[in-house]
Structures are given as structure tokens and as C-alpha cells.
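The form predicted on its own is given below as one chain in C-alpha cells.
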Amino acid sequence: MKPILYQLKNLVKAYDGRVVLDLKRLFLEKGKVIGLLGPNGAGKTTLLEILAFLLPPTSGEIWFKQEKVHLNVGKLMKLRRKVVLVQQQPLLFTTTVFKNVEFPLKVRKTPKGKRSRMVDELLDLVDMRSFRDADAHKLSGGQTQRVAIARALACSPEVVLLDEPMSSVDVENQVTLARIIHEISRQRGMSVVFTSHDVVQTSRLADDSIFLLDGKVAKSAYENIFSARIETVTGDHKFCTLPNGLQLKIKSEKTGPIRISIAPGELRLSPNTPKRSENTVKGKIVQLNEERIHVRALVDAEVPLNVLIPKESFNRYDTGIGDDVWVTCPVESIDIF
């Protein structure tokens, strides 16, 4: 396990009494590429601004590199030099690309000759050297994003935070941005946290993914999200019933209408009827997608269930699209909201 970069404890952010983030405990490891996934309004951008020390939480604790963060101006200014945030739609100065990237170096009084070399190196990194003397405000969305990243890297940060870097750029720029993020992490040793709506793209790029739903960490923010109703059945056993009648055993103090999130990576898929049938449903594989170290299977099991399976395990199943399978949902795989 790598050293812990951030620890968030009982962190809450609220606006006018409306809670937008409620994180009981969250750890982010140093030196990794971490993807924050979730729908609009999940709290992703708010979390990035807190991690950048630009937005104070309403309550709770932030720890950075094993030290508790004290929210006074002097302390925060030192921390802000270690962390940079590139917004979803970054604003560049109305001057050349070179001068945009040079600006942080100039502020830090880096010698002029060294500034020129560093800017060229950074423009090479983001494939924008040929635009060195171009007007920054005339660049495309993807080019603007790349220059903004180069300008952020000129600050020599320890942590780079990127808000939806792939959202408004074409496929070519997405490929380039993915390479840049990989090089920032692997070659320069920086920690990278980025937000995204794209589960597949994030799974290919990130070392770890964190799902946010309604301001809380969830098992998944897109897949296996269902409306349900909690019903109590004899004794202490509780079940949630999905709209199609499927019942799943759960652990919860809640009653009535709920939303559930079932973690794709915690589901168990079997080509044969399992010995234990609790929370097990029969279905048919309707789609398969290969990812870095997993196979993602979409199973029609009365409800559409996404199952994330290690490649080694899936290869032993000798099963494919159209085949019947059984999916087991352990109680621990179900989050309730």
C-alpha cells in the first residue's frame, strides 16, 4: 500500500442547510491516478475544490500527508503551492501560449533562461510546442485543456486535480490527455485526481476509482442503481423489493422507499447453480466488454446487472453472450441511500 495522501474524516459540506458532501471516511493514496465518478450534483467538483484547499468544509477534518490541515490563511497558502486544480473550462490569459505557461515561473522568479527551457519541456509534454507563439484564446477546447495542464505543471505541484478533463474534447484530444495523465503520474511521480462521467474510460486510466452519489461514497454511481422498498420479513431479516418484484436481503435501519447501489466488483457470477442461493438470481449474459484486468458483463437477471470479473476468473468459466448464468449479490455489496 502506498503512503496516504489525503484523509477525510466526517467531512460535511453544506450550502444553506443543503448537504452536498457527507464523507465519513475517505483515503486517497499518494502517487496514484484516482478517478472520481458520479452524476451531476454528486459532489465531485466540490470535493476537488476542498482537496485543492480552495473551499473549506462545513465540518470535519482534512489530513494531508499525515498532518491535520488547519484552515487558516497562512497554512493554506503553503498547501496551495503543493496542489493545483485545472477547472473543467479553464481560462487562459489573452496572450500567447508561451506566456501562459511561463506565468507561474515568472511569479516564482525563475531565471529567464531556465523559464524558456521549462516552458518548452512542458509544451512538449502536452504536444503543444508548435503552438508556442499562438494566441491562447483562439485554441480549441482540447488544446486549451492541454495548455492549462502545462501551466499547472509549471507550478511543480505534488498533486494535480483535473475537473472533467475529457468532457468537452474530441477523441484525439482524449487520447492525448490520457497519455499526459499517465506521464504526469508515472514519469513525474505526481498524484492525479480527476473527475469523470465515463466508467469505461476511467477504468482504463485510473489506478483506483471512487464513486460519489448524493454526496456520499457509493459502491457504484451509474451501474446497478435501483429504486426499491424495504420490507421486514419475520424476525430481524429485512429485504428490499425492486419494482419488478426481485427481493434482496439487506442490512439497514431504514424502512420504506430507498435507492440501492450494488457494487459490480463484489457480485459473484457462476455458470452453474451455486450451492447457496441467498440473493442469487438467474440471468443471461447480453454484453461483454474487456477492460484492463477485468471483464465487464451485463446480465439480464430480471433487472440489468453489471458484473465486474477478473479476467483470469472469467476465462475459466467458458461462457459467453447468450449463456445462462447465476449472479449472487452479497449483502455487503449493497449500499442504501
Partner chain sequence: MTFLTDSFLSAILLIWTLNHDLLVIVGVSLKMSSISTFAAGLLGVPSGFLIAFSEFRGKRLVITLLNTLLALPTVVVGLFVYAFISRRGIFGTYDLLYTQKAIIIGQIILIVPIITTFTISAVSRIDDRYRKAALTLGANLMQTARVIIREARFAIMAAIVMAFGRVIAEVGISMMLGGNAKGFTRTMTTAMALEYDKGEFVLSVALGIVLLCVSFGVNVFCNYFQGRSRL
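Residue numbers count along the first chain shown, from 1. Predicted model only: the values in this text are computed from it and were never measured.
Although it is not shown, the form predicted in complex with the partner chain is what the next lines describe.
Among residues of the shown chain, residue 258 is not one whose heavy atoms approach the partner chain to within 4.5 Å in the predicted bound form. Within this chain, residue 49 lines the site of the partner chain in the predicted bound form, having a heavy atom no more than 4.5 Å away. Among heavy atoms of residue 239, none comes within 4.5 Å of the partner chain in the predicted bound form. Looking at residue 108, you'd find a heavy atom of it within 4.5 angstroms of the partner chain in the predicted bound form.
Stretch 94-102 is the answer when you ask which of 94-102, 241-249, 258-266, 114-122 has residues with heavy atoms within 4.5 Å of the partner chain in the predicted bound form. A single residue from the set 137, 204, 254, 186 has any heavy atom within 4.5 angstroms of the partner chain in the predicted bound form; that residue is 137. Here is the short version: of 229, 216, 129, 81, the single residue with a heavy atom within 4.5 Å of the partner chain in the predicted bound form is 81. The three residues 7, 12 and 62 each lack any heavy atom within 4.5 Å of the partner chain in the predicted bound form. Counting a residue when any of its non-hydrogen atoms is within 4.5 Å of the partner chain in the predicted bound form, the hits in 151-177 run 151, 152, 155.
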